[in-house]
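Coming up is one lone chain in structure tokens, specifically the form predicted alone.
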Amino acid sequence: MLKFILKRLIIIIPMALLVVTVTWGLIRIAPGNFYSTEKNLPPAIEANIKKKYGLDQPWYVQYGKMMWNILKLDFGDSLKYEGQSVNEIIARHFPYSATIGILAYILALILGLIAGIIAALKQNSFFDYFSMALAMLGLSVPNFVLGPILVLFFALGLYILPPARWGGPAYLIMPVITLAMVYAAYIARLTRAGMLEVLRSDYIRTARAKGLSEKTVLLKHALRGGIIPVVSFTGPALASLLAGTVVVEKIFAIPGLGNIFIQSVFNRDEPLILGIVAFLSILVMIFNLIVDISYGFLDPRIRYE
């Protein structure tokens, strides 16, 4: 296991650099730049700007400097937010996205696991059909529809929740619910499918033949194998939630990382774009590593040799 973890940790660095390289190339290919305006700048001013930011140098020199800075975990200063480093911007906005992301996934896990397990145990029952119908509805209703509906009902209709912005716990309820619903639907369907497959396996029949109680069979044997699809889904899903969801952050005016990332793309803020992309790619790969490690503890048939 230790050898496997070390290999994966070593792979994270070149993979993150590859993602950053592709992103840097796409930024350079795209038309326009961060100092573009409706009117063309005088050639002398444009030349001074290029010299200040090193854009007058050959592309391979610019690429080399960018990669060297990233290896030092120094993404430089933002081109749009003068005097603010990329590291400071990420550190300032990431906690907002992480807070609503973690709370949303906890809620999604609770709802999804309960609904999926009960649906699998009561297959083809009314609860099974009803819960899976709700899960399909959750998958079909996008965030940009569910969010405004919650605002209209709870904020503008009943006046019991604040409509937007960041504040106390009451401000988190609607963004968390909006984010959690689609993930709860995925988890419910994955849990049901995984539990049904495990409950029909030979080792579950053997456990029941030994006289173990149904509770022990379910919690100690079936659940560990049944939630493996959910664990696989958790890695990229949780990384995506922690990185921020642009639609939800826009609807509820949350100053999270996703909102800042979209603004950086519109502003052609290259250091900020590269910094966020590198941060998110490392985050995704770390969560995927944690998921792979957890397989060995959940299913004894899985071994890393």
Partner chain sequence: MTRIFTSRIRIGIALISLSVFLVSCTTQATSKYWGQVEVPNDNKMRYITGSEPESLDPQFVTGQPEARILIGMFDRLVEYHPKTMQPIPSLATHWEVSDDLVNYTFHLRKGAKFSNGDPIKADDFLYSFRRALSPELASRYAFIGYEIKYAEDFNSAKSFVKKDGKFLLAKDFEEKKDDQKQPIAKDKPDVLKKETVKESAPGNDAKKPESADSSTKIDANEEKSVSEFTKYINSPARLTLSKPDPENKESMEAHEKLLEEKPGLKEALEGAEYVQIKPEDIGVEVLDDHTLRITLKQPAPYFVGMLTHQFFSALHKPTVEKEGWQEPENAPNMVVSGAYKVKEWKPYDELTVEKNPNYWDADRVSLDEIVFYPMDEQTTMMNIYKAGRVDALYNHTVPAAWNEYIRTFKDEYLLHPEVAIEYYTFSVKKKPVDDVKVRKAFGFAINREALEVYRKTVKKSVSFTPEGIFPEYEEARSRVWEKLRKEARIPDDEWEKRYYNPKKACELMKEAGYTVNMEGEKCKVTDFPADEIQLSYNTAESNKQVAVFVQQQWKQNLGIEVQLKNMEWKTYLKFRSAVEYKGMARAGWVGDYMDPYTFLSQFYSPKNDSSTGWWDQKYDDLLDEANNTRDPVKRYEKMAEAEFYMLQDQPVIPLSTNGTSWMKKPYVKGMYPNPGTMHPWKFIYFEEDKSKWDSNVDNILKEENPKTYAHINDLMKTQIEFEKSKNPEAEKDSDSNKAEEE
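Residue numbers count along the first chain shown, from 1. Note that the rigid core is defined as the largest set of C-alphas that superpose within 1.5 Å between two forms. Just so you know, these numbers come straight off a predicted model, no measurement behind them.
If you look for the form predicted together with the partner chain, you will not find it shown, but the lines that follow are about it.
Chemist: Is there a non-hydrogen atom of L242 within 4.5 angstroms of a non-hydrogen atom of the partner chain in the predicted complex?
Modeler: Residue-level check for L242: no, no contact with the partner chain.
Chemist: Report whether the minimum heavy atom distance between R192 and the partner chain in the predicted complex is within 4.5 Å.
Modeler: Residue-level check for R192: no, no contact with the partner chain.
Chemist: Against the partner chain in the predicted complex, would E88 count as a contact residue? Criterion: heavy atoms within 4.5 Å.
Modeler: Within the cut-off, so yes.
Chemist: Give a yes or no for F233: in the predicted complex, does one of its heavy atoms lie within 4.5 Å of a heavy atom belonging to the partner chain?
Modeler: F233 lies outside the contact set for the partner chain.
Chemist: So, Y81, R165 and I260: all three within 4.5 Å of the partner chain in the predicted complex by heavy atoms, or not?
Modeler: Yes: each residue has a heavy atom within 4.5 Å of the partner.
Chemist: Among 275-283, 64-72, 234-242, 247-255, which stretch has residues whose heavy atoms lie within 4.5 Å of the partner chain in the predicted complex?
Modeler: Flagged stretch: 247-255.
Chemist: Which residues in 111-132 have a heavy atom within 4.5 Å of the partner chain in the predicted complex?
Modeler: Heavy-atom contacts to the partner chain in the predicted complex: I118, F126, F127, F130.
Chemist: With both forms fitted on the core, check whether the Cα of V265 differs by 2 Å or more between the shown form and the other one.
Modeler: Result for V265: no, shift under 2 Å.
Chemist: After core superposition, I'd like to know whether I45 moves between the shown form and the other one (criterion: C-alpha shift of 2 angstroms or more).
Modeler: Passes the 2 Å threshold, so yes.
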